[in-house]
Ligand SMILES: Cc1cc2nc3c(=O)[nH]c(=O)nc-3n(C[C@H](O)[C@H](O)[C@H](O)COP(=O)(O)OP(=O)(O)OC[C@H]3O[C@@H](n4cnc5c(N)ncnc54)[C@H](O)[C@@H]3O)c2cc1C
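To begin, one chain is listed below as structure tokens, in the form predicted on its own.
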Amino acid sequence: MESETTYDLIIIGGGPIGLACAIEAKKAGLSYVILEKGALVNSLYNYPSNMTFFSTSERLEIGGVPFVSNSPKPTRAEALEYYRRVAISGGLHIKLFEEVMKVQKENGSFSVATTKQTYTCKNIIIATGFYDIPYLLNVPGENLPKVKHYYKDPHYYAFQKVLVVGAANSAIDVALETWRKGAEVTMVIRGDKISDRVKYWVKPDIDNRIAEGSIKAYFNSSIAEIREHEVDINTPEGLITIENDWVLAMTGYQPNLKFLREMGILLSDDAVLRPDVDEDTQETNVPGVYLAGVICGGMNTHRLFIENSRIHAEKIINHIKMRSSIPEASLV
């Protein structure tokens, strides 16, 4: 089925920044729709169940809607409830579980084909974040069902032999939570220490658990091979083999830069692969295509967060208004 409406704007990605863009679009009188391939704020939904944000609640607010949490640093559950209420109170136009497959420019407009239908629009905002594509270990056995790149709840791993790969926040949370549920936890860490980015209130906990031997950590090490009941680890002392039930590879995630390339968006020729974006307007080298949120940083996914990329929504909508001359009083 093909949509007969030509929208002023299509927003790809229904995370917090995508919602912020929709709020600004609605205030400006622009017709829009958000297309989200999963659930509302899908990346946040896929965070671990017990995750606590680094940021305080007011720094996660969008659209002027207050975010009240029980503690200064809100939980995943509180964030999901907050952004759901933002979507409801804002009356935002969202299509969920509808993945964008292809974008083409036709006669001055864009044709956006999804898994369900085709839309046309004058402008596009890509606000897809970076949580969709995990960094792979690229070792034999990584495709076994016991290897997980996403983690939800520690109870599932109670009394199991768990190997956690990584040294940043996700890996540390997984190691501590599963250990506290009775798992026998081993960590494999590529560097010589726990990451400096680990939450300051969590770092002493993991340092103490490693120091006392409750959690075994192999530093300057890497996985060599994964088998059904064992894992081989390259360590400074040589290759070792440990018994294992589950491998939780918390090695980080990367943005879908292939999608940007397919749309003609230029990327820097260094390791960062930063998209070509005008920082005053958020428009890419493809006229009418804008980027918002962490996707703007390319592979540098630690530069932009909700609190310092909320402003992208205002920049983009102001630029679209200036170019389109759509009256403020137009109805969505």
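All of these numbers come straight from a predicted model, not from anything done at the bench. One-based numbering along the sequence shown.
Just so it is clear, the following notes concern the form predicted in complex with the ligand, a form of the same protein that is not shown.
Site residues Leu44, Met51 and Phe130 are all in contact with the ligand in the model of the complex, judged by any heavy atom within 4.5 Å. Out of the listed residues Leu304, Val286, Met299, Ala28, Leu304 is the one that sits within 4.5 Å of the ligand in the model of the complex by at least one heavy atom.
For the residues Val33, Ile62, Val294, Val277, the 4.5 Å heavy atom test against the ligand in the model of the complex is passed only by Val294. Interface membership of Val100, defined by any non-hydrogen atom within 4.5 Å of the ligand in the model of the complex, is confirmed. Although the partner is absent here, Ser55 sits close enough that one of its heavy atoms falls within 4.5 Å of the ligand in the model of the complex. Among residues of the shown chain, Ile316 is not one whose heavy atoms approach the ligand to within 4.5 Å in the model of the complex. Taking the partner from the other structure, the ligand in the model of the complex has a heavy atom within 4.5 Å of a heavy atom of Ile12. Only one of 64-72, 260-268, 33-41, 277-285 lies within 4.5 Å of the ligand in the model of the complex by heavy atoms, and it is 33-41. Contact annotation for 154-169: no residue has a non-hydrogen atom within 4.5 angstroms of the ligand in the model of the complex.
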